[in-house]
Structures are given as structure tokens and as C-alpha cells.
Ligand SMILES: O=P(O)(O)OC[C@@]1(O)O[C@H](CO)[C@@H](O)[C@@H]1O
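As a starting point, one isolated chain is supplied in C-alpha cells, in the form predicted on its own.
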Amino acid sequence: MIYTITANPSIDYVIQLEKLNTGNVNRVQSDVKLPGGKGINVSRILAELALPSVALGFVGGFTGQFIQSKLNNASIDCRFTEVEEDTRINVKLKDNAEETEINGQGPHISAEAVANLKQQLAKLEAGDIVFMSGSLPPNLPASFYKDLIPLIQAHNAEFVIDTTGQALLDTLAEKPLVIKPNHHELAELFDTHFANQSEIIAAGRKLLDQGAQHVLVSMAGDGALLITPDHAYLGGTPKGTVINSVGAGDSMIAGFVGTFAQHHDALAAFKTSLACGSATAFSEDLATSAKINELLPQIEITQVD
């Protein structure tokens, strides 16, 4: 089973305007309310791949009920911990020129709520995978996700933390199943600039040496690299118009983790991850199964090292 943990989910209220005029009344052209949060995005993509997952995290109030309802409608098993305060709302204002985001802080998470979440992890079994990512409510420590790793490993389960910078480096010794920096984040980890693909691969191998099991490096329009201890592979991006960058990275990692959990085939997982990421990038919301299946045959993977 794949478990996703979203400590600070949200309702993403996306508003489309012709032009945002601050200080004046604005008329909405269209709007949509979506369940938000990186772990939730992973669960939603797994559902499109017809793969089960269990969504964990903290929700509260009418906003939390909205999120649970939306996920239940998508046949996602929700086992959220209820908290007293409302789940946050993130407002995304889009006009023809730019996008403005106003993100809520999130509710207070009590010690009892944290203990309840940890009890959920006591049900893990060998071979399960736990995905953790996204911002944290204000009162949780920055190490919250990292502190859950011993609980996960006590049951011989795998983990994935989608993070960057020192927080990413701090998890490597615990052998995450996969990490997914983009090429800019990878360069920042080593305080360098890459002149060519070989240098990117060499940097990825350093992360493998520190403990990561697989390294995915996204490179925007140049595709992505999968770096393993034996080889490196370049995956191209299919043709399409980029509409939405939000959730593309979550979709990539969902495709990799979901397929790898089924087949333990890193190349097949890489191909699915590229199709999922591109399908989301070419869509208004997250990818659908139809869009993923449309793009899968277009994904070409080449061994480059």
C-alpha cells in the first residue's frame, strides 16, 4: 500500500479574471475549488492510475470536510486526523498577464493529533511506501516529516520525502526510495552550475552515494534524467502546450512510486512518471487517466551513461 501524508492540506480556490485591478471590484470569469496539498496530489494521480492509496494528514472544519468529500468521490481512502480549526484556503488569482497566490497558514495541530497520525503509521507493513511532502502548519517543527522516518522503517516500509536543500540532504542517509530535485535545485545543493548533462549525472550519483536509491532530475523542456547506480537514462517530453505547472512534479513522483511499487522496474516507473508529469502540465488540473494513456506511447527513453 502507498500512504501519502499531507500535514497542511488546503482548498485551492482558483479564480480567473480578465485583469486584476487592486483596490477595485473585480468580476470573476471562472472559478474552481480543488483539494490541494502535495501528498493529496500524489493520491489523486495514483487514483487515475487505478492504484490504491491511503491519504493521511490533518483536516478540520467545513474546508476539511470539502477535501474529504472530493477525495472520497475519487475513491481515495481518506484516514485524516480531525483537528479543531479549519483547514486553510489558498487563493490563486489568475489574469491574462500573471498569477497571484495568497496562501493560508493552516490550523494548529495538537499533540494528540500528532499522536493519532503516528498510530496510523503503526499499521504499516513491509513493502508499504509512505510519501511525505508539502508545507507544514505553523506550530509543527521543520523536522516533522524527517522525524516520522524511524516509525516507517520500524515496519520495513519505504519512504519518499519530496523536499529540497539541506532538508533533502538530511534524509539521504535513511535511503529514500526516490528523490526528485530539478536541475536548478541539484546545482544549488552543490553550489555549482552545470555545463553539460554529464555534470548533472555526476551530481546525481553523489546523491546516490549518500543513500538515495533512485534520483530523478527534472529539466523542464529538456525532459528528465533517471540516475541509478548502474546507468543514467534521459526521458524526453512529449509534444503539447504547457497550461499548468502546479502539481506536475507531484504527478511525476506519483507515477514513479506507483509503478515501481507494482513492478520494481525503475525504467517502467520512469516512463510513467514522465507521462504523468507532462499530462498534468498540459491540463487545467491534475492529469487524468485518459491524458496519461495518450502520452505514454510518446515517451522515449535513452540510456546516456
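Numbering starts at 1 and follows the sequence shown. In this text, rigid core is short for the largest set of C-alphas that superpose within 1.5 Å between two forms. These numbers were taken from a predicted model, which means no experiment stands behind them.
The protein also exists as the form predicted together with the named molecule; that form is not presented, and the subsequent description refers to it.
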Practice task
Evaluate G134 for contact with the named molecule in the model of the complex, applying a 4.5 angstroms cut-off between non-hydrogen atoms, and reply yes or no.
Solution key: yes
Problem - Partner proximity in the model of the complex: G57 to the named molecule, non-hydrogen atom cutoff 4.5 Å - result: no
Exercise for the section: Answer for E101 alone: is it within 4.5 Å of the named molecule in the model of the complex, judged on heavy atom distances? Expected result: yes
Exercise for the section: Using the partner position in the model of the complex, report whether Q213 sits within 4.5 Å of the named molecule, counting heavy atoms only. Expected result: no
Problem - in the model of the complex, the residue from L49, A261, V246, A266 that sits within 4.5 Å of the named molecule by heavy atoms - result: V246
Handout entry: Residue among K92, H108, H155, K206 with a heavy atom within 4.5 Å of the named molecule in the model of the complex
Key = K92
Exercise for the section: Considering the named molecule in the model of the complex, find the one stretch among 35 to 43, 22 to 30, 49 to 57, 66 to 74 with heavy atoms no farther than 4.5 Å from it. Expected result: 35 to 43
Handout entry: Contacts with the named molecule in the model of the complex - residues in 267 to 298 whose heavy atoms fall within 4.5 Å
Key = none
Practice task
Would you tell me if L121 moves between the shown form and the other one by 2 Å or more at its C-alpha, with the rigid core held superposed?
Solution key: no
Problem - L172: Cα shift of 2 Å or greater between the shown form and the other one (core-aligned) - result: no
Exercise for the section: Compare the position of the CA of L234 between the shown form and the other one after a rigid core fit and state whether the shift reaches 2 Å. Expected result: no
